[in-house]
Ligand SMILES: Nc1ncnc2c1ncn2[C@@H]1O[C@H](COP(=O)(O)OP(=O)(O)O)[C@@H](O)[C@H]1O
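Form predicted on its own, single chain, as structure tokens, below.
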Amino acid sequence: MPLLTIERLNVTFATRQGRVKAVKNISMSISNQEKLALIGETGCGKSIVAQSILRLLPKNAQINGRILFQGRDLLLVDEKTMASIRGKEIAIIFQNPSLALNPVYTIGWQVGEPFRIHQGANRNQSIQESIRLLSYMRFDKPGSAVKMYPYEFSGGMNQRALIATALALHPKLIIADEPTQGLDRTLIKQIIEQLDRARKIHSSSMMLITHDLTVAQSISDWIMVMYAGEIVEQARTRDFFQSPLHPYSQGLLGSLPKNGFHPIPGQSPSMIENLQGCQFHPRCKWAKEQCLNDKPELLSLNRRLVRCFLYG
């Protein structure tokens, strides 16, 4: 049994402009100790999938489908049960440390929070655990670091503190939502190395959400590509970077500097409008009449999945 299975997940938001269809009929699974990278342009629905798993969506969200974690549907459990899962069995690393960390509490207090919430640790016990975790994340003088505030650290150090908090209770699944956004390449390499090292020690699975293809290539086993709320391709990481199948995937790789930096023309469709046919057809050089009128299904092809009439 996979650790996490998502079946036919749909998420919509009621707004004044109309119904935003953020996630459309998505299914996926993650096995024990497996690393899945969910990639795509900003606004394609990646983070909504993560927030759905932990039930962190705003009140105007409507969600249906199934999210099975160790066989239990997270969309059906009560809030008390869900609160016991968050941070203990499933942990999330948010993309912006300056927003995820509270500026009025010390780093030590925040890193030690999972021990107080889930294990009933007192203040001194939680601080000692914080020192241990910050030392593990290679903070200089962790005994002093626990007394400092987020503004006294760089973005990279604050991101390490978030990783330490997420790993505190050895979660079975780590969701890393753009964990390297805004960092330079040197820091990105360090953060990814430390995250993967910690994941291996705790035998955790990971869902990495990123638009940075270099990061996805360096750490994942599988690549899943999202476009306009849909999955358009899934493949082993090595296979994906050697031979992407979907025209959108090909465009993403072609936009990398090492591949000539050829951006994909046009822009993603509105999540409110009900675009007929393939969602990518207005930007696709291979589009034909069928693509404008009919919606392609997600096809299985040599242990890969692709949503495109080129392979029908």
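Note that the coordinates shown come from a computational prediction; the quantities given were computed from them, not determined experimentally. Heads up: residue numbers just count along the shown sequence, starting at 1.
In what follows, reference is made to the form predicted in complex with the named molecule, a form of this protein that is not presented.
Here is the short version: of S47, S255, S29, Q33, the single residue with a heavy atom within 4.5 Å of the named molecule in the predicted complex is S47. Of the candidates T15, Q290, S300, N25, T15 is the one whose heavy atoms come within 4.5 Å of the named molecule in the predicted complex; the others do not. Each of V20, T42 and P58 places at least one heavy atom within 4.5 Å of the named molecule in the predicted complex. Per the 4.5 Å heavy atom criterion, the named molecule in the predicted complex is contacted by stretch 58-66, the sole one of 58-66, 274-282, 259-267, 243-251.
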